[in-house]
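Below, in structure tokens: the form predicted alone, a single chain.
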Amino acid sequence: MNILIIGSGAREHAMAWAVLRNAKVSKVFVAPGNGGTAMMGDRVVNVPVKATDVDALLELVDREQIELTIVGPEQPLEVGVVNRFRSAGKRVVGPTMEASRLETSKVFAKDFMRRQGIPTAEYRVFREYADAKTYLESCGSFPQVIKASGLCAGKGVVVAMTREESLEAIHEFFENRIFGDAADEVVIEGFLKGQEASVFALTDGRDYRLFLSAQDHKRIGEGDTGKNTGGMGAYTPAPIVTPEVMQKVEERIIRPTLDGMKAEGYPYTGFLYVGLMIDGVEPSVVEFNARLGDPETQVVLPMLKSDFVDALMASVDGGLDTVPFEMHAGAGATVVMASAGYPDAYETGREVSIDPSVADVEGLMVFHAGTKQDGERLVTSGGRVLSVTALGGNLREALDRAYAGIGMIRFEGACYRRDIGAKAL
């Protein structure tokens, strides 16, 4: 059985790692992949095809007789890769372009939640700078959360603590166009109190199975300070997602989302990421993603005890409720090593040195995000470079193992947070 994974980050590296556990898998193609997937052995092949080049991806599937395609990032979903693959009779894991608007349009997502009675923050939608400015100037309470409606690689959100910060943010969005067309529509919503966590589901459109919950760290600086990033680390399970909270998430969010999307004509399949704010035991939706999160994937997939490929096939063919979906006991943690300067300007091409004995440490995995091969060298090619992941009997053990792994890796300008998981401990 041949499988295609679309994407080039640590999430896709983790997916390739999980897929290879199935002995029936002959070869895994990763388009375009990275330096880590290039080093996985004869069963994994990087293919220089862009994640959004749907024609070339379909040609690849035909040429290599690929039986299942897994969509990693959001951009291919936005351009309709799932629609095209299904029209061509290909098995593909992911939502359609219309269903993926739960992520690709925050306006669509907020309006959908309002229609379906799904708990989320109160909000207003603005399409003109002047209207947003007038609203914020008259707003009686802060902080306010300001979001570009379209895709911004996880960076199009500003939590404005003061009126001045909010006005500066909308000026950047509307007038300076820092996010381009993604900010043609802007959502301004009330600030939700509580702790953030994430819940991940795999669904065939009717039934769903849950991965472990997770918490990630978006801010670049320790103590959750500094600018937002794509994520600097994560751990699983999230202690705040108690059985009581999870029951409410299923009853009030996941089931109404799947039923509502189907009723509105956009059946939802594939991965569903629910970003939550939990106030006590009351969950509300901060955002949806139409795929697995990064860096959360790097911890939730290694904690999956059952076969990943069998579950994916069932999510496409139906019968997901009949497939085993068990998790390992214990905990997992991942710490992101980033390039100096990230999430602002950073340099690439720094040689990466990974102690070969990393492979011998039980429960330790290094998933590559921004790396590439340069001849015999492995060099940095992105802002987030590596996700150093570890499993353990508890979170403390997993974190200690992950940070020990970081000590075995070198590249110039490497930076990382030293407080991943501190809130849970």
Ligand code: AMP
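Sequential numbering from 1, following the sequence displayed. Please read all numbers here as calculations on a predicted model, not as lab measurements.
We do not show the form predicted in complex with this ligand, though everything after this point is about it.
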Quiz prompt | Among 339 to 347, 187 to 195, 164 to 172, 320 to 328, the region lying within 4.5 Å of this ligand in the predicted bound form by heavy atom distance | solution = 187 to 195
Quiz item: Taking heavy atoms and a 4.5 Å cut-off, does Val245 contact this ligand in the predicted bound form?
Solution: no
Quiz prompt | Touches this ligand in the predicted bound form: Val159 (any heavy atom, 4.5 Å) | solution = yes
Quiz prompt | Contact test in the predicted bound form: Glu287 vs this ligand, heavy atoms, 4.5 Å | solution = yes
Quiz item: At the 4.5 Å heavy atom threshold, is Ile354 in contact with this ligand in the predicted bound form?
Solution: no
Quiz prompt | Residue among Arg91, Arg209, Arg84, Lys218 with a heavy atom within 4.5 Å of this ligand in the predicted bound form | solution = Lys218
Practice problem: Check each of Val145, Val316, Ile118, Leu258 and return the one that places a heavy atom within 4.5 angstroms of this ligand in the predicted bound form. | Solution: Val145
Quiz item: So which bits of 253 to 283 sit within 4.5 Å of this ligand in the predicted bound form, heavy atoms only?
Solution: Met277
